[in-house]
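A single chain, nothing else alongside it, follows as structure tokens in the form predicted on its own.
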């Protein structure tokens, strides 16, 4: 081969190689080179098959309400963590209350898993984002369990309902989840968002100013919640849980204490399907106060990603594998829904206005 031909090939190689490598990178991330690898693309596929993927909405926890408030730290957690969220007062909070299923127009029901997601933004310090659910334990311990769980909830294309035999087979094939299923079935659901307790389920690590580390979980525990009103029209209200919490916020602020549990050496800190010892030390880290709500259709929280791996200095990931999975799936969901045309939310702007 002549020197001219070699130079031409080298030049074209330099031109074509970068985009080829970029394309290969995207193909690898999508799992095209390893179809059995549990990529985020495969997770999104089973999520969307399970819920029908309503365009423009989140692929899970699709029906929600934006909330605004503040967090006031008690100072008690500064012995365990140097994070500013545990030492400041009047920290602005943007949050979201939601139902777990991937259906944005689902009819509210007393047995549906609820969630609370928060973004805390302290002054001149790193923000913290957290997601919490009301069951006490997660019926999956790792990424393989998560993929199998989502796959077991696929909707039949004819009936549009999951096959209960698949869910039962998932549970029976995983004896290590027996404790989680028993605890969640024994869990008594509260009547409302306002009197519900929300749990991190996953574990994280805290580090104090001296560099000492502890593994923690936390819960938002309601403080003197108002009684949910009983009204005749509730029986015909498909958004009754959201209607109640909006009405409560119009009457008075709603408060939760952030209670942090400090793991002891025998706790299974990296397995969210297992309970910790009831004798573990707890610390009341501060109080969350919610004072208003807004529809996702006219609030920044509608497009916000409550990525649980966005953590301030002094608060970090543990060996629990699920927060990183949530982060990857949430971001891919955000990219997909951002490019889609979205119908109006069930909780409209008019519903959040005082009447």
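What you see is a predicted model, and the numbers here were worked out from it, not measured in a lab. Residue numbers count along the first chain shown, from 1.
The same protein also has a form predicted together with protoporphyrin IX containing FE, omitted here; what follows describes it.
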Among the candidates 141, 96, 129, 217, the residue which, in the predicted bound form, approaches protoporphyrin IX containing FE to within 4.5 Å (heavy atoms): 96
Single option in 294, 54, 317, 304 placed near protoporphyrin IX containing FE in the predicted bound form, where near means a heavy atom within 4.5 Å: 304
Contact of residue 146 with protoporphyrin IX containing FE in the predicted bound form (heavy atom, 4.5 Å): yes
Contact test in the predicted bound form: residue 337 vs protoporphyrin IX containing FE, heavy atoms, 4.5 Å: yes
Protoporphyrin IX containing FE contact at residue 71 in the predicted bound form, heavy atom, 4.5 Å: no
Partner proximity in the predicted bound form: residue 192 to protoporphyrin IX containing FE, non-hydrogen atom cutoff 4.5 Å: no
Protoporphyrin IX containing FE in the predicted bound form reached by all of 58, 116 and 329, non-hydrogen atom within 4.5 Å: yes
Heavy atom contact within 4.5 Å of protoporphyrin IX containing FE in the predicted bound form, the stretch among 179-187, 104-112, 130-138, 236-244: 130-138
